[in-house]
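Below you will find one chain, with nothing else, as structure tokens; this is the form predicted alone, and questions on how it binds or moves follow later.
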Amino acid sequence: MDQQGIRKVRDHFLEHFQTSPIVVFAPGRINLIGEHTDYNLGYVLPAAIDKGIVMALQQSKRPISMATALDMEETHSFHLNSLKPISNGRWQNYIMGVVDEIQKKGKKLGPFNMVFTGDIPPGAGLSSSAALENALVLGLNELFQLGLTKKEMVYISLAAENNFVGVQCGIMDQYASMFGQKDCALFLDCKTLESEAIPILSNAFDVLLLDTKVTHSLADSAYNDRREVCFKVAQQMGVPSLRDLNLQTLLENKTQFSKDVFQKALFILEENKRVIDAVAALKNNDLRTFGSLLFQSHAGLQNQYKVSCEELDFLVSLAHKYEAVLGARMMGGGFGGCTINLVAKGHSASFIKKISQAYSKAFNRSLTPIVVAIGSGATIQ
């Protein structure tokens, strides 16, 4: 988020509430590798990006709280003691969910006013919801001196999404948005929440996202179905999660499962291994191996976990043919959204031009390229 966006929010707040606010920024995130492993308490390799949510907030003298989404020109008012999800709510439920979870922890809040804007492309799978949650919990922690640690704030953001919004996501998005480090990915263990900052050779390649502008209707139900499959396999194998299942044990018990269920469980175990191998490759500056692991990840998501779609497969297949593309895969829950591409420095413009033309010809739809930089986590401005 640039300084212009920060000034825009601060000025709007001053104009409408005639008091100086505190200003918070929380970034969106990318995930280099480790897809669908977070809710299996496995390994992931996300990073915060330079795009996110900027929020201005201050205590209110009125008994009512007001939240304004500047870009959507929408305002939502609510009382702290009567929080209920809105059936058609979008951003409003994320706001109230964070407030609700803070109060569940016994922390004392007062009425407040809040204004936010963002530069995260909608629908691109860059976790604008986690950025919004983190911006609010960090801002309220500062505003009311709640004394929450960053890890406690991450859990509040996650609980808001799970309990109030009803999205059963894992903790990766909120963690990466809160703890991200500039020019580093986070090697995160979703079971222990221990992480290691892994330097990214940002001078060697661009991180290019190609937004398909596609969202298939089966995405939510298929996501929940995949979670359920994983939990049932873990339960049948007598382990808390697939993270705790040994590959050899799964192979020895292969006949207990249908081919489809076995392949989904196998993918999770193999994907965890790919994350570990990817971290080793980055530490050794072995970008070819790192890129190859991204292609392998996509193949598993396409053929084993079956959460890809024709548009995503087309883009990754084409990226594989370009020497300048070190690696590519679909990113996110699946059935649409973005591919993430690691493109050698100096080659992004030509690659974007060629792949955009091919995508438009194949699907009669435009492609949106998004170049992101790896930035820092949530901060008070």
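Position 1 is the first residue in the sequence shown; the rest follow in order. Predicted model, so just to flag it, every value in this text is computed and none were measured.
Below: the form predicted in complex with a small molecule, not depicted.
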Contact label in the predicted bound form: Pro85 to the small molecule, heavy atom within 4.5 Å: no
Answer yes if any heavy atom of His36 is within 4.5 Å of a heavy atom of the small molecule in the predicted bound form; otherwise answer no. yes
Although the partner isn't part of this model, could you tell me whether Cys169 comes within 4.5 Å of the small molecule in the predicted bound form, counting any heavy atom of the residue? yes
Does Gly332 reach the small molecule in the predicted bound form, with heavy atoms at most 4.5 Å apart? yes
Within 4.5 Å of the small molecule in the predicted bound form, heavy atoms considered, which of Tyr223, Phe205, Phe164, Phe112? Tyr223
Taking the partner as it appears in the predicted bound form, which of 338-346, 38-46, 316-324, 59-67 has residues with heavy atoms within 4.5 Å of the small molecule? 38-46
